[in-house]
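We begin with a single chain expressed as structure tokens, specifically the form predicted on its own.
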Amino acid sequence: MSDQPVDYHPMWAELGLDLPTHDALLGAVGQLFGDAYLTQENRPQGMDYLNFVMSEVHGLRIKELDDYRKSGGKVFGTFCLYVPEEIIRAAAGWCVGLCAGAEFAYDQVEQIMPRNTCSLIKSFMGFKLAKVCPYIESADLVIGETTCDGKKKAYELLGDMHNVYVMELPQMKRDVDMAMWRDEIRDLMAKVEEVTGNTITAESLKASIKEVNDKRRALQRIAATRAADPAPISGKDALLATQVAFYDDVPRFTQMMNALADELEARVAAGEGVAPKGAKRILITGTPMALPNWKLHDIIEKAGAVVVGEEMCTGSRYYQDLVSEDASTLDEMVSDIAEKYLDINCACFTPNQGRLEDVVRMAKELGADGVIDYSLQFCGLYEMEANAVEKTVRDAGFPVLKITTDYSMEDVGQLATRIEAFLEML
């Protein structure tokens, strides 16, 4: 076997990427990853797999998608965990997350959408306009969702450049909303069957429910170990595991994360951790952190604290609840999927008491010393809900720090000063 690195440029060119710009992006992300991750000490050995995934995030994984498509398979791109991966896999489709975690081509983006749009939306549009995200170029269909007004209008713009399908997510959780959501999932099934040419059966859906649940169970095991003091894994590494869960091959990822969980459980039993016993423990809640957004975790942990949990879509909301595996008919399984996904406590819902309860519960279970509520600038949903979060967390006896930022590095010094002061106060 040759140790020579594979040249993926021909594949990227075939996908229509802007090669010089894409090379610059990979260089920047590699530098960012090295500074944030590879400088850590005493990391679990199981993180070697995620290091490898990141080194090949636009290489080997894209080749797998490319080979699958050339063999007749279909790939579906998503930005949000409300899109049920079980439905896609039941029709032999592959589901991947899309690029949305870095500031890119904003000059082009701001020609077609307002400057005061949240970073996540501007990012995914920038990656598309600049032709540097091989995931969206590998997607036969992008499935969007109406979690916020900015996204749903952005999907209209994206629809002019790519094949897009949008699910209507209700914003309340009444019986009438559940009935509508079940219909949305049935409509999605029909669309996925149309794109793949495959029929979803009770057998295939039951198998995919188990498969995706197994991935969640592996992440639950990792999350549970973070309650230990000292924590056996850094918040950055745990965040990376959840971020990669959106992209990687499901059975392989599950196997590797269970191996990591085995190692973490052994570390807990041995009293071994990544930070000293008694290090300040932080729970983060708020806006999702798409790859490669590691800014906040990096600042907190370089200040000597440890992040012990994330109440966010790239955290507990992704894995904390399972789809029931008891159903035997297709209709029952669709209802179970609808129930599980509508129970996710995104800030798009009103009222959203469940999220407030989750934050306090996690802070207690994980032994947090304080909570940081994180919002992306111009994210109306999370910025508006921040006051309710702050009041609830304070009433429960936890100090809280509200942070609003974007993907740029311009405010890192200012944020570090605020976070260090918060940690000292703890």
Partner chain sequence: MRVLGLDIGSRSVDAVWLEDGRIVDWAVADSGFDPGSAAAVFVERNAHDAIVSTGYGRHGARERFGGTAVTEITAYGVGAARLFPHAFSVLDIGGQDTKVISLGPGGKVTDFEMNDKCAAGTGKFLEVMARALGFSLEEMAEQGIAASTGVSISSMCTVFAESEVTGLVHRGEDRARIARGLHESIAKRTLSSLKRVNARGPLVFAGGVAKNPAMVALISEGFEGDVLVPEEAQTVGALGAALSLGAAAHQ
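Note that the coordinates shown come from a computational prediction; the quantities given were computed from them, not determined experimentally. Numbering follows the first chain given and starts at 1.
A second form of this protein, the form predicted in complex with the partner chain, is not displayed here; the remarks below concern that form.
Give a yes/no on whether L19 approaches the partner chain to within 4.5 Å in the model of the complex, heavy atoms considered.
Close contact is absent here: in the model of the complex, L19 is far from the partner chain, nothing within 4.5 Å, heavy atoms only.
In the model of the complex, does A421 have a heavy atom within 4.5 Å of the partner chain?
Contact with the partner chain, yes.
Hey, in the model of the complex, is V6 touching the partner chain, heavy atoms inside 4.5 Å?
Contact check for V6: no, nothing within 4.5 Å of the partner chain in the model of the complex.
May I ask you to state whether D411 is within 4.5 Å of the partner chain in the model of the complex, using heavy atom distances?
Yes, contact at 4.5 Å.
In the model of the complex, which of 25-33, 48-56, 393-401, 62-70 comes within 4.5 Å of the partner chain (heavy atoms)?
Result for this chain: 393-401.
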